[in-house]
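The chain that follows stands alone, in the form predicted on its own, written as structure tokens.
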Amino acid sequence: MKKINLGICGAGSILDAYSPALKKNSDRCCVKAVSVDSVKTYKDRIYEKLGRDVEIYEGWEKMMARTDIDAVIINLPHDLHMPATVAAANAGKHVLCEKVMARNIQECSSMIEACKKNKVSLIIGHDRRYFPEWKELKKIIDSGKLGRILFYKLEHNQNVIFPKDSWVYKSERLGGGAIMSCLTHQIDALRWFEGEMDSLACMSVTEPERMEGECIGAIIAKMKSGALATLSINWYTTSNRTRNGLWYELIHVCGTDGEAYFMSDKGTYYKIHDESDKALFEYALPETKTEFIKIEPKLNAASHTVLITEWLKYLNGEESDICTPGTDCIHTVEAAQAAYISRDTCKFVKLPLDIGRLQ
């Protein structure tokens, strides 16, 4: 097993998720360098999270030029994902880019092309696909026990307010608002569970004191499989931050033979329907006899830890479970972009998008 030498672009809040994952994989990797826009601002934070042996660069150019760095993790604002990925690819370095892949499919395509041209890999940090609880939900869906899937409900709830000098406040830098920023978790999960969307419609709410883009968004989608799905994000609720409050994330899937769900801080459950469930379609009959069964994941690990472990195994040519290549995750961005087109035109939008018309 070769130890992979890493460079990291950016030291913002997402480093809080990556640093423990990297420490737990210290036998597989070594963080050699970090690039930031201000060494003075981030130096103490980087030393605290990654140790004092890390070299810090102001700007990524010199870091990318280092021949001893094998791969780069890009933890930058969305508008910098494409240029940083292209720079890393041109320097012959493999890339792990934090979600969302980029602001639109045009930028995603440039990233894919640069990595293909330079024969390096491009993996996107959609960490939820590596979260043990969500993986268990996918296993139930894929098993066929739920029958033909009819409906999905996916929700994301937070209370988010950004200062006006934050890059996340700026719609141009973010690539939109809450839909592009975090409902892409749910969009990506839906695609992972059920396949691609056939068409969608979207509406949203914007509150300028919170951010330039939308803070609330809702999508209704018809899947190519025939299933229906609703996806929503609300950044105007205290959700799980208060006693007896709402969930942070929820996924509910309903099939002809059963149903399953994941709820934050509660876990993953499933239920197979029996005759008592079918009898409930009639009035005044007893409650169903079947109960939801909790699934306990065999692995208890943070999603970013699983992601980093599998990525390092993948880079080393070992057997790995990598399921978020750039060639797949571009379609998550595509669905979010389609949602904005639907919202702005007040029309249903068919997928895939016509790239020629967008240029």
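Residue positions are given as counts along the sequence shown, with the first one as 1. Keep in mind that what you see is a predicted model, and the values were worked out from it rather than measured.
The same protein also exists as the form predicted in complex with a small molecule; that form is not shown, yet it is the one meant from here on.
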Report task. Please pick, from N157, N75, N104, S204, the one residue with any non-hydrogen atom lying within 4.5 angstroms of the small molecule in the predicted complex. Result -> N75
Report summary line: Among H304, H331, K49, R28, just one has a heavy atom within 4.5 Å of the small molecule in the predicted complex, namely H304
Query raised in the report: Looking at the partner-bound form in the predicted complex, is F151 within 4.5 Å of the small molecule by any heavy atom?
Result: no
Requested in this report: Please check if W167 has a heavy atom lying within 4.5 Å of any heavy atom of the small molecule in the predicted complex.
Outcome: yes
**Report entry** Any non-hydrogen atom of V54 within 4.5 angstroms of the small molecule in the predicted complex
**Finding:** no
**Report entry** the small molecule contact in the predicted complex: I295, any heavy atom under 4.5 Å
**Finding:** no
Query raised in the report: So, D188, S225 and D321: all three within 4.5 Å of the small molecule in the predicted complex by heavy atoms, or not?
Result: no
Report task. Please name which of the stretches 189-197, 142-150, 210-218, 75-83 has residues with heavy atoms lying within 4.5 Å of the small molecule in the predicted complex. Result -> 75-83
